[in-house]
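Only one chain is included here, represented as structure tokens and corresponding to the form predicted alone.
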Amino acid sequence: MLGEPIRDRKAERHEGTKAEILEAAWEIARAAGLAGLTLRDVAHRVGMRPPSLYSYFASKEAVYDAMFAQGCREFLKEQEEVGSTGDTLADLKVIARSFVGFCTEDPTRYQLLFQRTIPGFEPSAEAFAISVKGLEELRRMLAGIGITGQESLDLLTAVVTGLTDQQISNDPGGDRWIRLLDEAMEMYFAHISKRMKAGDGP
């Protein structure tokens, strides 16, 4: 029919193969650690010769970069699904649970997005921009429940990532530190509220 767009099947196949390569890279990283990822292993898993990978990714750092960008997009999607009840403390707990849940469900992704575990790796400007969007979305969500200011944001991320680190490092697959999350948010909220009443701002 006239007016219908012409599909670029070659580009679709190219993108499909890139997605397959990324999936293989994640599987290897989860099994061998991020630093244990090799292009040879990725190529073997997707059934191609290592030099062929360069048609899709220029280097191992480019694979890491694509993984980073993908993880950041998943984090943004997670944040978009967080609802609001209108109760500041209840919403704060929901935000914190969402963040910690996202991180602990895939420790390898958490390490890539929020820790510097790969020597020398720096995300590209394009990938990092997605990460910044995630931070700004968190800032917006907090502002929506009356919590503003850089120090308030920094303290919150320090608390939730601290519990996340403890959970992943000392009780993987369990909930020893996750169980403390609501109590930690109550302590955080009490502290922030005290500052607000003192006139120091949130």
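Note that residue numbering follows the sequence shown and begins at 1. For clarity, every value in this text was computed on a predicted model and none was experimentally measured.
Not pictured, yet referred to below: the form predicted together with a further copy of the same chain.
The stretch from 159 to 167, 56 to 64, 140 to 148, 41 to 49 that comes within 4.5 Å of a further copy of the same chain in the predicted complex, counting heavy atoms only, is 159 to 167.
Taking the partner from elsewhere, every residue among Thr117, Asp154 and Tyr188 has a non-hydrogen atom within 4.5 angstroms of a further copy of the same chain in the predicted complex. In the predicted complex, a further copy of the same chain stays beyond 4.5 Å of every heavy atom belonging to Glu23. Although the partner is absent from this view, Ala35 contacts a further copy of the same chain in the predicted complex, with a non-hydrogen atom inside 4.5 angstroms. In the predicted complex, a further copy of the same chain sits beyond 4.5 Å of every heavy atom of Arg30. a further copy of the same chain is not shown here, and in the predicted complex it never comes within 4.5 Å of any heavy atom of Glu15.
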